[in-house]
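This document opens with one chain alone, in structure tokens, the form predicted alone.
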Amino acid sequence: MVKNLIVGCGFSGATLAHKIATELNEEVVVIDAKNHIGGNCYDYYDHNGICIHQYGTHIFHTNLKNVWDFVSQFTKWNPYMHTVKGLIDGQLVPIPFNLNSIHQVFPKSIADKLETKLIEKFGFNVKVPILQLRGTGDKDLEFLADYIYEKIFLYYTLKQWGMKPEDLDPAVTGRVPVYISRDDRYFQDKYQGIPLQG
């Protein structure tokens, strides 16, 4: 009789099963509602040899060396730094909206003023959820928040979840913050990549 049962074979379930089997030397049964391992990070090669990310592309990223080293036992990496551009009034603009985005869409005098106020209020290299930016009480920052809200968050959120951003849990809207930085990468973690063979 097997005494270890793992329900779900995403990252957590697969990691726990591996550790039980290799470190405790015990049998483990893993079950999942899906017919494959990997959870929502599952990918496969189609008949043309193209790697398909069934549930959308996922990039592995962490600041923890021990996590990176653990996962690196199972794959070599294609180094990859994810950047996203959104089409705003005919321009491709860095997303999350950052200082580069501000300088791209606003005249220099307005962009400089907004940059100064953001840094004074929140600091540099800080991520601020859009709803927090809207509640600052500063008319210029609220103008920026309303601009970003309308141009980026409102329609994306309606399309993605069928809800307005303010009706979502703040943890969800916080995932796509305003980034007070000039770093256009989507993630800032030290270790980033996509498994070389999927």
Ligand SMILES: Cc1cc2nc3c(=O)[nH]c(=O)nc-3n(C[C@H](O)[C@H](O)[C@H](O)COP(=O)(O)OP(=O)(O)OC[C@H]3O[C@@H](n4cnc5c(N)ncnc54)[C@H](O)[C@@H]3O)c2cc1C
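As the structure is a computational prediction, the values presented were derived from the model and not from experiment. Throughout, we count residues from 1 along the sequence that is shown.
Keep in mind that the form predicted in complex with the named molecule is missing from the display, and what follows is about it.
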Heavy atom of G56 within 4.5 Å of the named molecule in the model of the complex: yes
Would D32 count as touching the named molecule in the model of the complex under a 4.5 Å heavy atom rule? yes
Partner proximity in the model of the complex: T22 to the named molecule, non-hydrogen atom cutoff 4.5 Å: no
Any of the heavy atoms of P129 lying within 4.5 Å of the named molecule in the model of the complex? no
In the model of the complex, do V71, S181 and Y191 all put a heavy atom within 4.5 Å of the named molecule? no
Partner-proximal stretch of 63-71, 130-138, 35-43, 144-152 relative to the named molecule in the model of the complex, 4.5 angstroms, heavy atom: 35-43
